[in-house]
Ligand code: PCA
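A single chain, nothing else alongside it, follows as structure tokens in the form predicted alone.
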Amino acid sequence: MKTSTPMTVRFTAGLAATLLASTALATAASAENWDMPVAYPSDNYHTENAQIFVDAVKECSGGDLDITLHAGGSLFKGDEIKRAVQVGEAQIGERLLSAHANENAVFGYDSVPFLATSFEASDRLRDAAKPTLDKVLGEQNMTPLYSVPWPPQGLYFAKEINSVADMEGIKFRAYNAATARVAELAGMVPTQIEAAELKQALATGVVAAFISSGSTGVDEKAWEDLTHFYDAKAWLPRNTVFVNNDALASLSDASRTCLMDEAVKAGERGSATAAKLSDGFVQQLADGGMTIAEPGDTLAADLEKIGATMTDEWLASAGDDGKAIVDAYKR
């Protein structure tokens, strides 16, 4: 039997090490590294849910898809995220799509006042809108993966409000076309302010009122600048996570399946978390010193009129796509 010489042993060992190193480099080269910009801080439940999602994707793909989450508008500001994903500057991102309703009214489907005012209704509206959103975002080289609702929207003010007449002239923070229109119809002055800039805008008097969920009020410690929260339950806007189609196509079948499966879980988990946290957010506003109230009869009637006007306007601007969403939702 022929034995190996020391030189042969060294050569064989060296060759094996080279092959192992080459394999490791090839595996690293084949792994996909994505960036995921989001607009909200790392301790917001949307961002925490997204972090669970990206961690799960990395695990189930065996490291073949590694997504880095960039919180608080640190990579792209909120109003830049959708465009960044569309053109491939980021592979995946999260955005409040209703902020882009001026681009396409369909994106505002979840901000039609008093159409869907509970978590269950919001999920049904999401399902009704899915075929249309798939089509519209698909035409922009993107695929929606999942969406998570905010708690019902309420009104924040620095004084007691008993009717729309009491809102006249107040500088109002707008975050999409719907909130700007609420301000206009109520005689307020709308000012576009992204979430990351809201606290400073309140502290400096750039705005003195806004409509949002209890979650946003807690994030911004609204009790430091405002006094009253009216739990109007106007609508439940949704943050949507979407992916660039070219990036999606570049994945292996296994990684793509992993991404899609974890997206379903993230949507379910995020919706359940939002519902669980909702009442607690309102309680935190009260604990901070804010007066919490349902809209009085006059204010409720005034808001209902605004809602009816905005529903008619949205259906007119969204055309057949909007009608298809509402018809499917009502069925």
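Each residue number is its position in the shown sequence, starting from 1. Not measured: the values here are computed from a predicted model.
The next section is about a form of this same protein that is not shown, the form predicted together with the named molecule.
- In the predicted bound form, the named molecule sits beyond 4.5 Å of every heavy atom of residue 99.
- When the named molecule is considered in the predicted bound form, residue 244 lies well away from it, no heavy atom lying within 4.5 Å.
- Using a 4.5 Å cutoff between non-hydrogen atoms, residue 34 does not count as a contact of the named molecule in the predicted bound form.
- When contacts are judged by a 4.5 Å heavy atom cut-off, residue 281 does not count as touching the named molecule in the predicted bound form.
- Distance criterion of 4.5 Å from any heavy atom to the named molecule in the predicted bound form singles out 175 from the list 107, 172, 230, 175.
- Of the listed positions (150, 157, 146, 76), a single one reaches within 4.5 angstroms of the named molecule by any non-hydrogen atom in the predicted bound form, namely 150.
- The three marked residues, 113, 311 and 329, fail to reach the named molecule in the predicted bound form, with no heavy atom of any inside 4.5 Å.
- The stretch among 180 to 188, 206 to 214, 117 to 125, 157 to 165 whose residues place heavy atoms within 4.5 Å of the named molecule in the predicted bound form is 206 to 214.
- Contacts to the named molecule in the predicted bound form (heavy atom within 4.5 Å) from stretch 228 to 253: 237 only.
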